[in-house]
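What follows is a single chain, given as structure tokens, in the form predicted on its own.
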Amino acid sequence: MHSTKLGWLLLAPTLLVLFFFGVLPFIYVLYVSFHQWNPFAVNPDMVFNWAENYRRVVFDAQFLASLGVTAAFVFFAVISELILGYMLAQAFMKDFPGKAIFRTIHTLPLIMAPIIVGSIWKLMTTPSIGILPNLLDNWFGYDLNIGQSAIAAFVTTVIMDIWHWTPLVTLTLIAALVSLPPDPFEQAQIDGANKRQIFWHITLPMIRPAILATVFIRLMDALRTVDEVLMLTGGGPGSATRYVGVHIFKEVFPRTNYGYGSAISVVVLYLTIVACWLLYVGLIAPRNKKA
């Protein structure tokens, strides 16, 4: 009984922080989502409008289009980061000249704020002064202009996200690979298994929890991408990079439509939870049943 009280006492500061900075803001956003509210309008009062904001979300073509673009962005970014992160993690498991320096340089993007990342890529992709347009033009004769080409803008935002967050995936998978016991691998080599068989039947099942946790983190982060995309493309050209986070930002701040923006935020949170649950059911539940 004493140990239970001590445990709750130690958890109390964390629970209070989560309550005040997590639960209360969510309740407030949920409350605002049932109102029409523009604090800068002639009538700044909240007007209760039942579920009108949610009905509007369902039939908002611009929001639905942003969902599609966001899904494509999340798919390409997260899959690429997972593959590159695993390859780099395997490379860092071996000794090679300059490993410490390269590992430090590889981790640097991770400590940068998203707004800084967007600024760097804005400078690198500006046609008149950017290094990328000049290199692509000199080497391949390709005119990179993310302000005019929707495909180029989308691909650039995906590459920017990969550059920014692959180090996180690498560090997570390195920790998972280092913790693996050597006995199964030695036994597999004695039995004559090749590298592909060892990866699919030993390495991948053993690091699956770490992969799942990494995908969860990156999925949630990618779905709320705002800062770097706003700095790089502003959501354009057109709506090519108007991801869900950018769409919410533009509804809340330039248009000062707080009620509708809150409703979109709640819907996106729900969709994120559903996506994570489906991922869990698809990857973890079958393994638990076999066990």
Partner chain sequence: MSFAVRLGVSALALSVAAGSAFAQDDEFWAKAGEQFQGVTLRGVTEATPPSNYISDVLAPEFEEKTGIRVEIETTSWDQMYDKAIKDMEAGTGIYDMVYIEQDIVYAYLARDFLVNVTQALEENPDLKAPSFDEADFTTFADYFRGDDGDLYGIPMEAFIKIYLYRTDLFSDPEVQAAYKEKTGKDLAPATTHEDYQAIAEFFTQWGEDHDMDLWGTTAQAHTGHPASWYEYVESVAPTFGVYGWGIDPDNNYAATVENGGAMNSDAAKAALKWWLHMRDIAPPESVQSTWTEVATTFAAGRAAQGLVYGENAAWIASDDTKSRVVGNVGVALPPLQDGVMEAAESGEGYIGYYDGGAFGLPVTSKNRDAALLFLQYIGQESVQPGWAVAAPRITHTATYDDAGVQDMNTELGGYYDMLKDQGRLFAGAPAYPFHAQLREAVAPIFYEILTGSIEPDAGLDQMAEKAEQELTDLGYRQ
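All of these numbers come straight from a predicted model, not from anything done at the bench. Positions refer to the first chain, counted from 1.
Beyond what is shown, the protein has a form predicted in complex with its partner chain; the following relates to that form.
Although the partner is absent here, residue 35 lies well away from its partner chain in the model of the complex, with no heavy atom inside 4.5 Å. Residue contact check for residue 160: none of its heavy atoms lie within 4.5 Å of its partner chain in the model of the complex. Not displayed here, its partner chain is kept clear of residue 205 by more than 4.5 Å at the level of heavy atoms in the model of the complex. In the model of the complex, its partner chain lies farther than 4.5 Å from every heavy atom of residue 47.
Taking its partner chain as positioned in the model of the complex, the residues of 255-273 that bring a heavy atom within 4.5 Å of it are, in sequence order, 255, 256, 258.
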